[in-house]
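As structure tokens, one chain now follows by itself in the form predicted on its own.
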Amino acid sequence: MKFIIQRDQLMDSVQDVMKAISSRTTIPILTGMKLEASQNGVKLTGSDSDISIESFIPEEEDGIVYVENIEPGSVVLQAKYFPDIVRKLPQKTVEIESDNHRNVTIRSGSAEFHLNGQDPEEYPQLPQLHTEDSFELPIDLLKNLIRQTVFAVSTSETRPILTGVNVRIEAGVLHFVATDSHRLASRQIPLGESEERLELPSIVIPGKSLTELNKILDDSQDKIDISVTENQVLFRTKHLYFLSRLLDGNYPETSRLIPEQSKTIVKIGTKELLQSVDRASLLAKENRNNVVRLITKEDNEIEINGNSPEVGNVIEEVIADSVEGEDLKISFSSKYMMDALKAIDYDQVKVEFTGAMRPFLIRPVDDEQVLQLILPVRTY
């Protein structure tokens, strides 16, 4: 195997693929990164058997040559050393060559590294998913869906199913839902006409996989193709192939959690509420949940306060756009509230309460497709 490649392109691909490589894997070959050179370009693969990532660098694209002098072949390189070597090479181009004994030479300018490669035949084959259950989304829309839900997955392994995001399509609408049983984040979008008849049974994608995918994808209007089989989901763009296992088990029925009617509705600027809760949380760090209280007043005023008996307290009056319904005093985790408000890309939010001990909803004033739900905290 032999080729000369642009260092920046190689570095980008190496960094993407590294997100799937773990030093703690039980299969030794998976601590390495697979390089395959073919006449069309160079493909890098990394996997920890939960996530697998392939990144392809084309020989040339849009008239720019990325890889040249290709002699096809493949080898597995130790991921512990290869990325650092590439990062510190002196020149813009890199020559990589391996002989019949899998001794790999990496040259750039006056620097020359020799690495012992491993047998690519031992590297597990990634399944090539081609399924009926596939649909396309613009990449930036998918990134939004992930960002607005994935923060609410559970970090505790006591209920593994809650560490993932529930994804399903019914009646032409794509649903993303995440909950850790104290809060819930949901976003739905209607799909295009070509996908209206598509039904996708409920699947649960590990939150960790979606977080890594989100880091790799660049914001763009390009499409990403999403395919699902029984136990895996594949995200595919022009040069990226991201495969993740799915979580086993049934996701809880979350629609029952969402209150039908509300007793108090507050409409307020997202930023004002976020900053006020942020300030109140500064003096609410004593107790584990950083609990903040919200009290409705007259004339569309609400009071937000944080209190730690040993430290002090903070009280702030905020003017809402409107406050309708019953008076209310409610306590909640400031962290959950701030996470929820940050995930809403709208200037005005509507907070719907159904009493001091019932879950409350936060959504944009004029968009029903984004929804955040938070359970209050009992404080006496």
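Residue positions are given as counts along the sequence shown, with the first one as 1. Keep in mind that this is a model prediction, so the values were computed, not measured.
Missing here is the form predicted together with a further copy of the same chain; even so, the following discussion is about that form.
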Problem set entry | Candidate stretches 179 to 187, 133 to 141, 239 to 247, 79 to 87 - the one whose heavy atoms come within 4.5 Å of a further copy of the same chain in the predicted bound form | 79 to 87
For this session: Consider the chain as shown here, without its partner, and state which of Asn69, Asn313, Asn40, Ser49 has a heavy atom within 4.5 Å of a further copy of the same chain in the predicted bound form.
Result: Asn313
Exercise. Which listed residue (Leu126, Val228, Leu115, Leu191) meets the criterion of a heavy atom within 4.5 Å of a further copy of the same chain in the predicted bound form?
Worked result: Leu115
For this session: Decide whether Glu317 counts as a contact residue for a further copy of the same chain in the predicted bound form under a heavy atom distance cut-off of 4.5 Å.
Result: yes
Problem set entry | Contact label in the predicted bound form: Leu283 to a further copy of the same chain, heavy atom within 4.5 Å | yes
Problem set entry | Distance check, Glu95 to a further copy of the same chain in the predicted bound form, heavy atom within 4.5 Å | no
Exercise. Do Lys271 and a further copy of the same chain come within 4.5 Å of each other in the predicted bound form, heavy atoms counted?
Worked result: no
